[in-house]
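Only one chain comes next, encoded as structure tokens, the form predicted alone.
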Amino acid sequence: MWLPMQRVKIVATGLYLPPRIQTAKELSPLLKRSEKWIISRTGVAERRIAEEPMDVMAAKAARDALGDGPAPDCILNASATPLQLIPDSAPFIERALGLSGIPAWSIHSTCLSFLVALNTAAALITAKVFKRILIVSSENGTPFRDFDDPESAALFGDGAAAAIIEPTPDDEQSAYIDWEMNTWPEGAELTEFRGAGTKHPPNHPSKTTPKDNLFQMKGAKVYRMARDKIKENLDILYGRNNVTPDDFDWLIMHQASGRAVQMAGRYGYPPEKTVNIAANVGNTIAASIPMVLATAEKRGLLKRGDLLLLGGTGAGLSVAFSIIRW
């Protein structure tokens, strides 16, 4: 059921990039591929490598977003790489922020986790359950790269980003307008991390192999499937809101790869309407979308009143896009 526009606002964003940079040249001997091959196939020239845990990175991005403002009354961890399975990462993030007694939980929808958390935060604020929600996505996926699968291993980088969500003041335009998410489970085996669950329990002598504890992706099949499903998703969203790509000021897209971001042109978004950071940070999983958003804000690209389209793809295979008035 379609819901009307929700009067909520992203009041601030935050970003944290680990200082260690791994270039395509450094990665080349690990993948047994040339620097030129890596860049041409993935569009990623360098990525960040975390040397601190995800909760610490999350806290640094969150502090950047919170600034001198008050503490949030809710914390949503929107990350795919947990610190551990139980408890979930949200309590550790709250502790790393030096906070206590604030409700905190995780929302996990792989690369779309931030977008699902944003939709959740909008609903909670509209329902007057909370007034100031912190969403933080922090990813440390590089330890799980499979160097025998060079095309996917060349994609990933680490980092964190955050956003603060509040009700929109009466005299402002900012709003969460609509979203559309669809999942096609026939793509479930195209992007996987099979280990650590009941299907492949850790240390099980017959059910679990070392490869189950590394990221696996059939990149070409994901690309082909996502290409068509994105159009299906956008057609529904555009039709319901009577908009076209010309109506949007910016596309804030998941940086699955450099090639994936360039695919935006296929849907009517020229390079001057997209923010492309894939070459310098790679695919940062759920941190990708808020990282692009924070980068755009820090570069002074976003103006209050701008119409933004946020979205992309996630394992599942899922596609989601949101329309917001900045």
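In this text the structure is predicted, and so the values were computed from the model without any measurement. Don't overthink the numbering: it's just position in the shown sequence, from 1.
Just so you know, the form predicted together with a further copy of the same chain exists too; it's not on screen, but the next bit is about it.
For a residue to qualify, one of its non-hydrogen atoms must sit within 4.5 Å of a further copy of the same chain in the model of the complex; none of Tyr223, Pro245 and Thr295 qualifies. The single contact residue among Ile107, Ile133, Ala154, Met253, judged by any heavy atom lying within 4.5 Å of a further copy of the same chain in the model of the complex, is Ile107. Interface membership of Leu234, defined by any non-hydrogen atom within 4.5 Å of a further copy of the same chain in the model of the complex, is ruled out. Using a 4.5 angstroms limit between non-hydrogen atoms, Ala315 touches a further copy of the same chain in the model of the complex.
Residue contact with a further copy of the same chain in the model of the complex: Gly219 places no heavy atom within 4.5 Å of it. a further copy of the same chain in the model of the complex comes within 4.5 Å of no heavy atom belonging to Ala71. Residues Ile86, Pro87, Asp88, Pro91, Phe92, Glu94, Arg95, Leu99, Ser100, Gly101, Ile102 are the ones in 86 to 102 with at least one heavy atom within 4.5 Å of a further copy of the same chain in the model of the complex, listed in sequence order.
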